[in-house]
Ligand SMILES: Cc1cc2nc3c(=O)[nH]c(=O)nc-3n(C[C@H](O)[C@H](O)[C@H](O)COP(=O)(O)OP(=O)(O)OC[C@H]3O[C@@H](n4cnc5c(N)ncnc54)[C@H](O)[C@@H]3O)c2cc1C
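Here we start with a single chain on its own, the form predicted on its own, put down as structure tokens.
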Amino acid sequence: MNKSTPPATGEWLVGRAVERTDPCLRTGAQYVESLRDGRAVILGGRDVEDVTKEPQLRRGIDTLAGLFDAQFDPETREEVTSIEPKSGNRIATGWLVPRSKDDLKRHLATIRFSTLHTFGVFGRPPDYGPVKAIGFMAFNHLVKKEEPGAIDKIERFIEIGQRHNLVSADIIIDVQTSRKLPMPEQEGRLRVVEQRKDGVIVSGIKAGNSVMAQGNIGTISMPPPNPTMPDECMLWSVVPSHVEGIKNILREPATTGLEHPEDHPLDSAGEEGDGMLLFDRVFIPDEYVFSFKNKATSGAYYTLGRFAQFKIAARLSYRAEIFAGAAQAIVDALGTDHIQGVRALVADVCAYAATLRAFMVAAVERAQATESGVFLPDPVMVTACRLHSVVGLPGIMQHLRELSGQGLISRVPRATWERQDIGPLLDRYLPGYKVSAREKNRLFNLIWDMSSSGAALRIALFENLNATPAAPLREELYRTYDRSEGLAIIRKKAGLD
């Protein structure tokens, strides 16, 4: 048992408790050790005995471990940790409940750090973990009438998350099935199959679940509201990755775990594992059932998810800054800044990055406290940011490809470059502008990983689903953007009054 954690506190949720000296922070090694808990993970048809020893998962685990080590590094500690007001403990900022604009800015600093650390390709870094719980706390006033005890459960869960510095996945997306089949008849939909005095038993299947195989817990919540959703499917809860009855069926990896950093600077750092999560009569104690059969909760997907949406949009905005830097690095390496069409492409990437950043600055500056006392960014600015990012991302990735030209096709593997009969000739024939031929090759290896590799295409797909596809975002923006002042001006000028 963890020496800094009282016995019998959160044991079911935490699973393998790892000895540590800090009351609320974990090193990277301690995070890795926490994953050795007997979880059921299936990859390529085989059972993974230990995810920390699986090459196709370990690289991603090591990347996440670096974010935990940053909590102890004097140079980065203030960027990724905060003092929790009630306990006085230093905690990972991701688990900080925002009570002011300054708290939101601390979250932004942490998101920026994790985005730069992972190049934004990890959609579920540790700082994302408690977003659903914080969203629930922010809007407790909407659900407490039917479930007055929900807030106490959420607060206890957040305390456990703070003390154990847990990594969380989202368990939201329903699996694909026939759209002709009515929702109540979709047998695989996750639902409560038995309700007991001490908790519920759930069965079914969920899709996505990114980082569940490499994390500690998953937060179960409902997808966007549907009037035909059965009551037994209206569940908000949390489960540990190791719990009996859960099998994590992973997709084929987009990275092999064997890439050399020179050939694949980004893919060699691994990826998040996506997959389907199969529940076979999984017991969830009542203390971790936050909402059940509450129609107010089931219809508030976008509202309760506002903090998650903020985290997603912020990461996308910082990733856009990386794209702008990549575009300039290509131009610098090729010496193409004198070409007007090239400058236009770079300007487009800059405009994309600047627009997303502007949305996020406005979102935080216009932040307000909810009736329950939690500060959340302006939802209209966040939604507009997500919509702009989703619509623009394919074009930005294509801009990087166009700027690169044949550089993406003519990349030379490290092993070939090191041949004595080949390497010197490549050095001689392929120099860039103020960079060596091999340096230019390494740059295009990175741009390939960002824009063209299998992992890059997986990320592009993930972002479209993660930030929500454009169509529902447009609906949400149409519903929430206040057009009343402009409408009144137009009606008056046109004589429509």
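Residue indices: 1-based, along the sequence shown. As the structure is a prediction and not an experimental result, all values here were calculated from the model.
If you look for the form predicted in complex with the ligand, you will not find it shown, but the lines that follow are about it.
Note that among 171-179, 379-387, 184-192, 69-77, the stretch whose heavy atoms approach the ligand to within 4.5 Å in the model of the complex is 171-179. In the model of the complex, P469 approaches the ligand with a heavy atom inside 4.5 Å. Using a 4.5 angstroms limit between non-hydrogen atoms, G208 touches the ligand in the model of the complex. Although the partner is absent from this view, K311 stays clear of the ligand in the model of the complex, with no non-hydrogen atom inside 4.5 angstroms. A residue is said to contact a partner when one of its heavy atoms sits within 4.5 Å of a partner heavy atom; R458 meets this definition for the ligand in the model of the complex. Within 4.5 Å of the ligand in the model of the complex, a heavy atom is found for every one of D274, F462 and L465. This chain appears without its partner; in the model of the complex, the one residue of R315, H164, H107, R124 with a heavy atom within 4.5 Å of the ligand is R124.
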